[in-house]
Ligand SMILES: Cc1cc2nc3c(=O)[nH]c(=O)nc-3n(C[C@H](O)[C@H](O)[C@H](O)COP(=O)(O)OP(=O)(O)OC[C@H]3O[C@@H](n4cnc5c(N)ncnc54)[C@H](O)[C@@H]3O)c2cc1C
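Shown below, as structure tokens, is a lone chain in the form predicted on its own; questions about how it binds or moves come after it.
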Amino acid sequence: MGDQALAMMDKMFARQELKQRFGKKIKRFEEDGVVFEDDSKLESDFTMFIPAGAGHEVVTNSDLPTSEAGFVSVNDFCEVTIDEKISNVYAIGDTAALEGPDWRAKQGHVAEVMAKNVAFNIQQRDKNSSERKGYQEHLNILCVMDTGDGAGFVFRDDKRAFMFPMPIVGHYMKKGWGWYCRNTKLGKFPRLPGM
């Protein structure tokens, strides 16, 4: 997220009295916390672990080409290369291994771009057109971290990286965004153009 964002996150976490650890592998989870490889423990009232470092066993047990972490290897157009040839197989979202800068992150908006582009690319392929759309130009980090009494807005792309606090209003913006996303996906509210 960039140095500025990380420094501001540290301040935000400290204000919320949230403890953090990084650079140590998790050894095990216990009822009241997380134990690390050096047997240090992070006390926790509630622990939620979302693994992002390894692909699904269905993929790793398949004959698809994968990254070292077990995600399907794709090119910019989400095409899978099999036996050194571009195949008629595509992978998007959490299943795909993103290529790009070191700071890249799997986020919902990138998965949506990948899905739209794959549909477009298949249509163009079926028309014998060489026109294709890639996902890499859309790689960025865009996040609003709700703190319950405000939020922090984070953005990063190849040109910029910043975070700024949004006291009070940020919390309601995040709630509003959640309502908008849910209801547009369910077809209960029209989607704004370009969103």
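One-based numbering along the sequence shown. Everything quoted here is computed from the prediction, not taken from an experiment.
Absent from the display: the form predicted together with this ligand. The rest refers to it.
J.: Contact between Q124 and this ligand in the predicted bound form at 4.5 Å, heavy atoms?
T.: Flag for Q124 set to no.
J.: Give a yes or no for D76: in the predicted bound form, does one of its heavy atoms lie within 4.5 Å of a heavy atom belonging to this ligand?
T.: Judged by the heavy-atom cut-off of 4.5 Å, D76 is well away from this ligand in the predicted bound form.
J.: Can you work out whether R104 and this ligand are in contact in the predicted bound form, taking contact to mean some heavy atom pair no more than 4.5 Å apart?
T.: Although this ligand is absent here, R104 would stay clear of it in the predicted bound form, with no heavy atoms inside 4.5 Å.
J.: Indicate whether this ligand has at least one heavy atom within 4.5 Å of a heavy atom of D94 in the predicted bound form.
T.: Yes, D94 lies within 4.5 Å of this ligand in the predicted bound form.
J.: At 4.5 angstroms, heavy atoms only, are I50, G108 and A111 all close to this ligand in the predicted bound form?
T.: Yes: each residue has a heavy atom within 4.5 Å of the partner.
J.: Note which of L142, L42, M166, A161 lies within 4.5 Å of this ligand in the predicted bound form, where distance is taken over heavy atoms; exactly one does.
T.: After the contact test, the surviving option is L142.
J.: Which of H138, R132, H56, K27 has a heavy atom within 4.5 Å of this ligand in the predicted bound form?
T.: Only one option qualifies, and that one is H56.
J.: Just to confirm the contact call: exactly one of 61-69, 142-150, 124-132, 27-35 touches this ligand in the predicted bound form at a 4.5 Å heavy atom cutoff, so which is it?
T.: Flagged stretch: 142-150.
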